[in-house]
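Only one chain is included here, represented as structure tokens and corresponding to the form predicted alone.
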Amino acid sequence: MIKAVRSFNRAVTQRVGALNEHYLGRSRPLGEARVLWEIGERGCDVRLLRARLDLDSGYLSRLLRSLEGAGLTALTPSDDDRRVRNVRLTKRGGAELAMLDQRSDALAKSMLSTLAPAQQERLVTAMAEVDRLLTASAVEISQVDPDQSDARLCLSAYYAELDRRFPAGFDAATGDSLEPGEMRPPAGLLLVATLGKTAVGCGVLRFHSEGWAEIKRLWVDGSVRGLGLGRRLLGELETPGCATREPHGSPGHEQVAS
């Protein structure tokens, strides 16, 4: 299976021209082109751009300097917070993005043009499935402290969804509440699933003195449903070694689960 995955990776990178320093016949590699696509016509917060692309800050800075030096982008402080930098496309950058879109469309058409209609459908369907499975494979699950930011976000989203689903709404204060201490060893534990830097799911295991445990607060964000994440979280919580995990993050420390 590993051999097949590596073969697929080589075939894709070669077919899309990812190794070419002049991607799509332009004067820049794929990395810079990808940054232009992510900036888009509306511009982007540099921190958000780094999170979207999951790039090292130093590498992204080099890419942005190169694009700015070519007159394609401009960095400006945010109007709301002068410490935050926004990057936007210049007029020349907008024209370059339009050209990249045009040539990217042409590359996609070239992949389909030599195939019969039935083969085209198979290829597009297979690509969509690969996209979903690669997304699923990128989700990571870690034990975190309930006071960690991602944990709070997931638990809030869980309660908010119950409130939307129940005809009369849902009041967390009147339900089976869980105090933070009940989600920390030895009383319990909390798992959080992350995709990149975004929390997308959670589950709680609460231990009882009689020697049994119950699963609580199992939630998956709507954006990643259908990827099997709920089953994966449930499986992690049911794993005998789950209770021996080392938690990531602690009260007063903001840390993304990884």
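Note that residue numbering begins at 1 and tracks the sequence as displayed. Only the largest set of C-alpha atoms that superpose within 1.5 Å between the two forms is called the rigid core. Keep in mind the model is a prediction, meaning the values are calculated, not measured.
One more form of this protein should be noted, the form predicted together with the DNA, which is absent from this view; the next part is about it.
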Does any heavy atom of S209 come within 4.5 Å of a heavy atom of the DNA in the predicted bound form?
-> no
Taking the shortest heavy atom distance, is R52 within 4.5 Å of the DNA in the predicted bound form?
-> no
Answer for L30 alone: is it within 4.5 Å of the DNA in the predicted bound form, judged on heavy atom distances?
-> yes
So in the predicted bound form, does R132 come within 4.5 Å of the DNA, heavy atom to heavy atom?
-> no
Have a look at K91, R165, K109, R83 for me and say which one sits with a heavy atom within 4.5 Å of the DNA in the predicted bound form.
-> R83
Using a 4.5 Å heavy atom cut-off, indicate which stretch of 225 to 233, 54 to 62, 195 to 203, 211 to 219 touches the DNA in the predicted bound form.
-> 54 to 62
Can a Cα shift of no less than 2 Å be assigned to S209 between this form and the one not shown, given superposition on the rigid core?
-> no
For P77, is the CA shift between this form and the one not shown at least 2 Å following rigid-core superposition?
-> yes
Large Cα move at A157 between this form and the one not shown, threshold 2 Å, rigid core = no
A change of 3 Å or more separates this form from the other: in the predicted bound form, the C-alpha atoms of G196 and E21 are closer
How does the CA gap of C44 and L153 change in the predicted bound form versus this form, closer or farther, if it moves 3 angstroms or more?
-> closer
